[in-house]
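Coming up are structure 1 and structure 2: the same protein chain in two forms, each one given alone as structure tokens.
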Structure 1
Amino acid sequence: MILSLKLAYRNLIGAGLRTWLSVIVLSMSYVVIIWMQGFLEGWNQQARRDTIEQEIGGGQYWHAHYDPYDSLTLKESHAPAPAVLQSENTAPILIAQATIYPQGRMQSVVLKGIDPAQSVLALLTSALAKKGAYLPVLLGERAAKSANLRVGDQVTVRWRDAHGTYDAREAQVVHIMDTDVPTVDAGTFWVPLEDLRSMLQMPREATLLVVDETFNDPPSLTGWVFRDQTFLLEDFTSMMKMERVSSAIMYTILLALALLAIFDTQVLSIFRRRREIGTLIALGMTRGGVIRLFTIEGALHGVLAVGVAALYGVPLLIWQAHVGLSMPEVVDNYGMAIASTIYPAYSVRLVVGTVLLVMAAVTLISYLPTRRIARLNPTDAIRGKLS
């Protein structure tokens, strides 16, 4: 085996430029696959972390009639918050539809009432503690841009209370927050919970209750349904699976091009070295030994590619993980949690798994052309014939 390795390495290096071209293309496959997978993993980690911290916490209790995809359910989806959940570990939220009139225009929004003193969600709700003649409003950058509002601007808000009566009030923007989670931003006006309860004439009521991540063994409550993190992140998880399939198609094409180059190199090598193959068999090397020799030669392309990829890939990936990848402004309209800058996340499992996968593919593609050697007649091979 050692002799085969030495001979294979010598033959590979002796091939010169043909070898290094294949190695460089294969090294690009290593780097691109690791970079793409690291990018997706970084996005996945950032989006999940931001969504958990700013929207879902450790899970949510929904009113039995609440459906976040059907605004018509908001009229019935509210009830007094259960006494067992009235603690600092929960953040009740009351949701209602409303209409605002910025600069003489009419625009539909969702009012979300939340306790300014809550600490379950990583939102700057303390800004809502401001007292004054106007209703304090906390906005995200998307909502502020859509309504053309800035800090200190005033806008008329009209809503319909629990008895169906329309009412209106002047609101003032007290803070505009920068968030990557569109569901806590776009079309959403955050207001003090008690103010919204008074406006809607729904004392002590809530639409959902967010619990923190220390909340264990959620009890079953009549009229309320507990949704855990897995359920609340299901849409994002499905989307990430689709993104991984799309990226897999791209790096499969790149890897296929590299493997095709190695396959062609192996076929050409066997054709050009037929006299050498015949001589080795005539001198006593078994056909299995010759097949092993050529397979090792092909597999060494993958080994050399790892070294070449490390030379330029490691600095490049480290730099990319440090500076991140800036996303265009258009991603704000995608309706999913995407940070303005995504930082790739690389793991030992990702790197080792990629190397092993590519090495296995290279070894297999190197073995396939060598099967022809098993049908080789040594005498014909020495005379330059390859049947």
Structure 2
Amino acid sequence: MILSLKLAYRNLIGAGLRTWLSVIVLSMSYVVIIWMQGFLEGWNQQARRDTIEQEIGGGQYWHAHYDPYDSLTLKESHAPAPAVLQSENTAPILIAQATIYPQGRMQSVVLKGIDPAQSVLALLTSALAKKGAYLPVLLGERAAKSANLRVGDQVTVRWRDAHGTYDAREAQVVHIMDTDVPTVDAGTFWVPLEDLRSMLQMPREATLLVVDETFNDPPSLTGWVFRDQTFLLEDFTSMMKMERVSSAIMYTILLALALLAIFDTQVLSIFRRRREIGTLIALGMTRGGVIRLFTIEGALHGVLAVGVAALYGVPLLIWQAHVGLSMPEVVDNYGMAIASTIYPAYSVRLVVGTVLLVMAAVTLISYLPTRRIARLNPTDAIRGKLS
């Protein structure tokens, strides 16, 4: 076996340029597969992390009538926050509809009241602690852009309290946050919870409560529905599945191309070395031994390709992981968290898995043409004839 390996290696290196060409093609498939998968994994991790940190926490208790996609439900979906959840690791959020009048135009927004001192969500709510004549407002970049507001700008906000009485106040933008999570941004004005409660005349009430990740075993509460992370991340999980299928199709084709090169090389070398094959058989090597020799030779392409891929791939992938890949804003339209820059994440499992997958494919494709050897007549082979 070791002899076969040594022999195979020597033969392969002896073939020179052609071997290296095939190896280079094959190495590209390693790098592309790892890069693509790493990119998706990086995206996946980043989006989940951001969504969890900034929006969903360890899960949310929704008021039974709350439907995030139907603003008509907001009027009915608030109640005093359950006493059991009054702790540091929950952040109650009260939601109401309002109208803003930037530059004399009317625009509907959603007011979300959150405790400025909360630490459950990684939003810069501390900016809302500012006391003053104006209602402090925290905005995402999308909301700021759509209302044409900058930090320090004032805008009239009009709403109706629990009794239907009109109220209006000047609000001032205290901070504009750059967030990747569109649902905490688009059309949303974050205001201090207590201010909103008194504005709406809804003391101690909330529409939903975000619990942090240390929160285990959520108790069931009447009037409130617990939505866990799986539920809240469902859309994203679906999209990720889709992206995976898409990239799998892409690299399957790439791999097929590389395998074509190996197949090609194998056919060529068997043809060129028929005398050698004949000689080996004549000298007493079994046909199986010869097949093994050639298969190993072919499979060694895969091994060499790992080396070559490492040579240029490792720096390339590390550089890519360092600088990231910038993503366009438009992706926001899908309503999912996508950072402006995605940093690929490569796991050991990914690298090892890719190597094993490619190796298996290369070995198989190297074996296929060698079956011809089994039908080879050694005397013909020595004379250079291929049946």
Partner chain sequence: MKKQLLIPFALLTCGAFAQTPSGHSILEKVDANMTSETSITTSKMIIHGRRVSRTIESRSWSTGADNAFTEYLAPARERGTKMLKLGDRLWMYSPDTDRTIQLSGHMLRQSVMGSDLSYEDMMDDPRLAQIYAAEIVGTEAVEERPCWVLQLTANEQDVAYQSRKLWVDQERYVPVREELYAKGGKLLKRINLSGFKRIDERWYPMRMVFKDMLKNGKGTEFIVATIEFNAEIPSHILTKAALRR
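Here the structure is a predicted model, which means the values were calculated and not measured. The term rigid core refers to the maximal set of C-alpha atoms that superpose within 1.5 Å between the two forms. When a residue number appears, read it as a position in the sequence of structure 1, where counting begins at 1.
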- Have a look at both and say which one is the form predicted together with its partner chain. 2
- Message: Once you overlay the rigid core, does the Cα of residue 150 travel 2 Å or further between structures 1 and 2?
- Response: no
- Answer yes if the Cα of residue 237 shifts by 2 angstroms or more between structures 1 and 2 on a rigid-core superposition, and no otherwise. no
- Large Cα move at residue 246 between structures 1 and 2, threshold 2 Å, rigid core: no
